[in-house]
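What follows is one chain in structure tokens, specifically the form predicted alone.
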Amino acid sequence: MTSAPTPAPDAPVIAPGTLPRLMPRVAIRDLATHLATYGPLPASSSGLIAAVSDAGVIGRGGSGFPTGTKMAAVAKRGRRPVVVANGTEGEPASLKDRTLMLQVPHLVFDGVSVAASALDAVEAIVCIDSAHGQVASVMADALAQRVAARIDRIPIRIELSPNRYVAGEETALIHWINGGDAKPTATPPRPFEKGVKGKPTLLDNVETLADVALVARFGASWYRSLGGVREPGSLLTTISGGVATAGVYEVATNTTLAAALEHAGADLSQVSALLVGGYFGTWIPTFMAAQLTFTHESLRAIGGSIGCGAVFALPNHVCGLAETARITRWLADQNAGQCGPCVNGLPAIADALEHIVGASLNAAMARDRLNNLFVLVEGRGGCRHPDGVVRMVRSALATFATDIDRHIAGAKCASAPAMLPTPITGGWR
């Protein structure tokens, strides 16, 4: 394997195969403390793209695309690019990116810096949701420390993005940086071809770039010493719902969902289902948790995805269909307003779910209508927003089939507080 540049002889090395990597037990916001903990960055970023490829780093923002492949595609464009770190985290069920930036802001900036240097970028931009004021403040302070120390070769700036669910999608973010509306599209060109100011743009999640910083320091073999063979390393997961201690956990990728949930204090006998991957994720029965790991490969086998890494445990006493109906209505309201499948289709799906949950006289008809709506919506939108909603709702129909039959027979939900967070109901925000 191609190794990253050799660290300085006195640089500390996190022991191979151990945790934590990304999440130290205490926040490290001072640059001097950060460098004492992780060591200095290599003087040169030569060989970084190959090292990232050999390490098997994949995107932690949802798609799971190989990071080295993306970096190489940007480099091949033959023009000085722009690097964008996506820290918007508009997913209500996730806290991982915010927590990472609050805990180790310099590790995120390190990843931005070495990626920008390896690509000979003209500039780098870190995007943070405008609603996340504490995160923006911590990151701004860290950046000021770095500017004073002249640690970064490429200029880095922070931008505060609009507070909307769809605004963090990569094309929406590029449109907004370029002065347009923060609306996503599904059509080329992609950012690596033509992004910020028309330049090739590497756009990666902040956790992904923190991984790049670790590979730059410690190399591909070190990175692969933890996690699965096909998808190595660790990842950050937000675990919430029916657990004793909700929050962000760092796990090896080959950790089972069941093990992570039990570590967070879940009694799986009291959990009826899991929503894995956030609001574009999938509902699965709890018994599957013992066989599934935090890898795309594992979850694709059952039609799921790791997505943003969030795992929500649904307690036995809470109606999963009612939770699905509530977040579907919120997702429908969050659409970009640029195509029929979002503007008309998603509210219709939310309506149908509410009819079923309410055990109305039209509940059976509403169930049948959902399948027709899926055909009209899926694959026809101006972006991937409607597809994500359909995937989540379709999984709910399968996982909560017995509940649907009960509602159609006239049984209403027992009263229970809303659990899955949205900006409306509160929760993480």
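From 1 onward, residues are counted along the sequence shown. Here the structure is a predicted model, which means the values were calculated and not measured.
The same protein has a further form, the form predicted together with a small molecule, not shown here; the description that follows concerns it.
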Within 4.5 Å, heavy atoms only: does L203 come near the small molecule in the model of the complex? yes
Applying a 4.5 Å heavy atom distance criterion, does R384 contact the small molecule in the model of the complex? yes
Contact between G59 and the small molecule in the model of the complex at 4.5 Å, heavy atoms? yes
Heavy atom of E170 within 4.5 Å of the small molecule in the model of the complex: yes
For the three residues T282, F294 and T399, verify that every one has a non-hydrogen atom within 4.5 Å of the small molecule in the model of the complex; reply yes or no. no
Quick one: from W176, W222, F192, Y165, grab the residue that has a heavy atom within 4.5 Å of the small molecule in the model of the complex. Y165
Pick from N362, T33, T69, S63: which residue has any heavy atom within 4.5 angstroms of the small molecule in the model of the complex? S63
Per contact check vs the small molecule in the model of the complex (non-hydrogen atom within 4.5 angstroms), the hit among 82-90, 135-143, 238-246, 148-156 is 82-90
